[in-house]
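The chain below stands alone and is given in structure tokens; this is the form predicted on its own.
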Amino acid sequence: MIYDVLVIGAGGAGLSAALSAKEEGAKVLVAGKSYPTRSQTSMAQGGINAVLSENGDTIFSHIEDTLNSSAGLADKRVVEYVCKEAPKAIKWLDSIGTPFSRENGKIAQRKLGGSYAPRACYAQDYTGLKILHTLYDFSIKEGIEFLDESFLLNLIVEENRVKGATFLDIKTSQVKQILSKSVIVATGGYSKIYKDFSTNSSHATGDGLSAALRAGCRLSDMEFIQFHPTALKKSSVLISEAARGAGGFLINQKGERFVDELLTRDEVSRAIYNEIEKGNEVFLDIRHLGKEFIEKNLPQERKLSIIYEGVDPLKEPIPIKPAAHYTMGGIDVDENLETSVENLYAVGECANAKLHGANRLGGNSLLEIVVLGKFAGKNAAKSAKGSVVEDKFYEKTLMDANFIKGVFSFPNKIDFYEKRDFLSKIFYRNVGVYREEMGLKGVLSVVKQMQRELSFMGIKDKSPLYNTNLIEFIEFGNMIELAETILVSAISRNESRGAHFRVDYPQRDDEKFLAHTVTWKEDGVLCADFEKVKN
């Protein structure tokens, strides 16, 4: 079987792309390592930006807010396209059944940090979850084929053209190939490198980016990692920006407010981190919003606080901390969302379409996965029409099968779980809201040592059935491969911009660094350079 379009990743971006490709008449398969309803999209809470009425807000303001938040690294053409398409995206989501909250019969909107006006359309504080379930229901209705529990190993590429991908069947540990004329990578971001210091699901390990890097793609702006200001203190579970947008206060244990709660996320995160470094505790206080408002608009926030922190926000302020939340960097794509490998596309958090630049505006990630997801699907379907893929057993599949067989015989002298935990801690401390050269280079040295030791780590569980030990080992390998790209990029950028704040270079330097950091591999060696912004 050879598909027209293979979509890898079953979150909002993947499903939007699949529906669009199907509409173009393509035979589509969506493959994912989990199930669509468990994807990271379900954890997005606050809303999806769109100017639905130019009464107090304008599309121009949406464009300006996005560009201001990006700190100079967004592509103005991409920003304009996405903001102008936003009202159509909401209309489409509404038409297929997304249960948006409403006020006086119209879709309700709220203000998020960094925005000029209330423009985030929402479904209580379950916005991502409701959009994801609607897209999945609609995909089933449209007859799209799914292949769950399939872990991406590598992309099959010959003469710089993609032919498909290899997957590990999680149920059996067998390696299989899926051939396709076009492939869309929509596998999500890499914030789980920070593990317990991240709001993301356990699946956000950057598998798609690592596979793309090995296949010859370029990654860009990998150092830009957004920290969300309000994660629960104990668990790093996200508390939506909607709580601050509705008027929630950030206070310390003395009850003092210390920052404008509606500044951009990087600014608020640094202010909270500073308070914690002073020895203070930090809380999100929404008690004054009242029981009726919280139960109607923020029911999930209350539930999560009670379950994971043991605090009822109706009665007490919520203990919080900043946590890694969103990765702006990703697989470098052109204006058609195609990578440097022919017929290989990338979209969503795993890609860098230059929409968010150095710092994402709240409410724009859900917008990106719908608008650009549909765009990627349409382009991939068109590319497939002129492509031919030979139906044969590819060498990459044999190599990956031998690799998996080899992992079962690795000596397991070193516990990779201990290394994974250590990596997350030194990343949060040294590659977090603040960075400086000595700390970054120290972490890079540790990462390179982990890469050298990988073949001495291995797995304890030798069963082929649902071997999570094997999956987590491969994920760890991907994470330390990406960790090097993040660190090399962060060390190279000797300035502060957006989510990348260098204590030793606290000023923004447009003369030298109004540019994208680009990394790629040549003969297995990581290379890095800067490319000037095209605006």
Ligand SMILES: Cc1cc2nc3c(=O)[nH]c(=O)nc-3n(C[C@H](O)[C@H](O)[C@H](O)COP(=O)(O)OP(=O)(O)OC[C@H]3O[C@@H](n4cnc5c(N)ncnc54)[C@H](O)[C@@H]3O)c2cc1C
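Keep in mind the model is a prediction, meaning the values are calculated, not measured. All residue numbers refer to positions in the sequence shown, first residue = 1.
A second form of this protein, the form predicted together with the named molecule, is not displayed here; the remarks below concern that form.
Picking from 358-366, 394-402, 435-443, 376-384 the stretch near the named molecule in the predicted complex, with a 4.5 Å limit on heavy atoms, gives 358-366.
Although the partner is absent from this view, D207 contacts the named molecule in the predicted complex, with a non-hydrogen atom inside 4.5 angstroms.
Remark: Q109 does not count among the residues lining the named molecule in the predicted complex, judged by a heavy atom distance of 4.5 Å or less. Contact annotation: G46 falls within 4.5 Å of the named molecule in the predicted complex, judged by heavy atom distances. For L155, no non-hydrogen atom is located within 4.5 Å of the named molecule in the predicted complex, even though that partner is not displayed.
The partner is absent here; in the predicted complex, the one residue of S150, S173, S139, N252 having a heavy atom within 4.5 Å of the named molecule is S150. Of all the residues from 313-327, those having a non-hydrogen atom no more than 4.5 Å from the named molecule in the predicted complex are H325, Y326.
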